[in-house]
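Only one chain is included here, represented as structure tokens and corresponding to the form predicted on its own.
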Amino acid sequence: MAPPSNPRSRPSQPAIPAGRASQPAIAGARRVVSDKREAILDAALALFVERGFWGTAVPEIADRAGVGAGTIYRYFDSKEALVNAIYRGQKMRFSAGVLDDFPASANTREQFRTIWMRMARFASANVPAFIFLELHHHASYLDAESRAVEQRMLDIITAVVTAAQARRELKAGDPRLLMGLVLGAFIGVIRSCLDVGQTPADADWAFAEQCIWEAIRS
């Protein structure tokens, strides 16, 4: 998806259901942090979702994490290094959740259902992470390593789509367009629920999956 015309503008964020986002520390009371690196990653993820990358300052991350601002630079060279560490970590979790033990020998209908429902489980259980991964514009600050993580997942899904097209089980055409239709619909389901402070129910996911399958099958 294309980056915003003004990369320093704050993106519009969908609402996160109560209890999903990390809460800032009470003013004047710094919490005890046992794993500072993880605390920094968690705080930065929450703030990047709430305010966007450009709208978040390093001291704000430090305050949310309960550490000194200088501590962040002991673990990450820059805010860009921090956001890339988050992106790679969450993208690899997402990829593993969707593709590990993938049913390669199943028919295309079952493969599509598996991918969709695994994506749904990840998104429902990791709302801030999914918003960060899929509802933000990353192009201007992702590094080569982060882009490679994204490309590996894209290559695997493309191979699945291409093989299904060869069997004439999916519509012919550019695989990127089919994948774009699926991901766009998936994100639409997320947005439609988060905008009213809800997460999609299993029945919502199943209904949407059936609709999108009918749109892309041959």
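On a predicted model such as this, the values are computed, not experimentally measured, just so you know. Note that residue numbering begins at 1 and tracks the sequence as displayed.
What comes next is about the form predicted together with another copy of the chain, which is not displayed.
The three marked residues, R93, L99 and R147, fail to reach another copy of the chain in the model of the complex, with no heavy atom of any inside 4.5 Å. Note on the partner interface in the model of the complex: the residue among V58, M153, L181, V160 having a heavy atom within 4.5 angstroms of another copy of the chain is L181. Per the 4.5 Å heavy atom criterion, another copy of the chain in the model of the complex is contacted by stretch 130-138, the sole one of 81-89, 106-114, 130-138, 68-76. Taking the partner from the other structure, another copy of the chain in the model of the complex has a heavy atom within 4.5 Å of a heavy atom of K171.
At the 4.5 Å threshold, heavy atoms of D202 stay clear of another copy of the chain in the model of the complex, well away from it. Not displayed here, another copy of the chain is kept clear of R167 by more than 4.5 Å at the level of heavy atoms in the model of the complex. Contact check for L41: every heavy atom lies farther than 4.5 Å from another copy of the chain in the model of the complex. With contact defined as any non-hydrogen atom lying within 4.5 angstroms of another copy of the chain in the model of the complex, the contacting residues in 177-197 are L177, L178, G180, L181, G184, A185, I187, G188, V189, R191, S192, C193, D195, V196, given in sequence order.
In summary, the C-alpha positions of H138 and P59 diverge in the model of the complex, ending up at least 3 angstroms farther from each other than in this conformation. Relative to the shown form, the Cα atoms of H138 and L47 move apart by 3 Å or more in the model of the complex.
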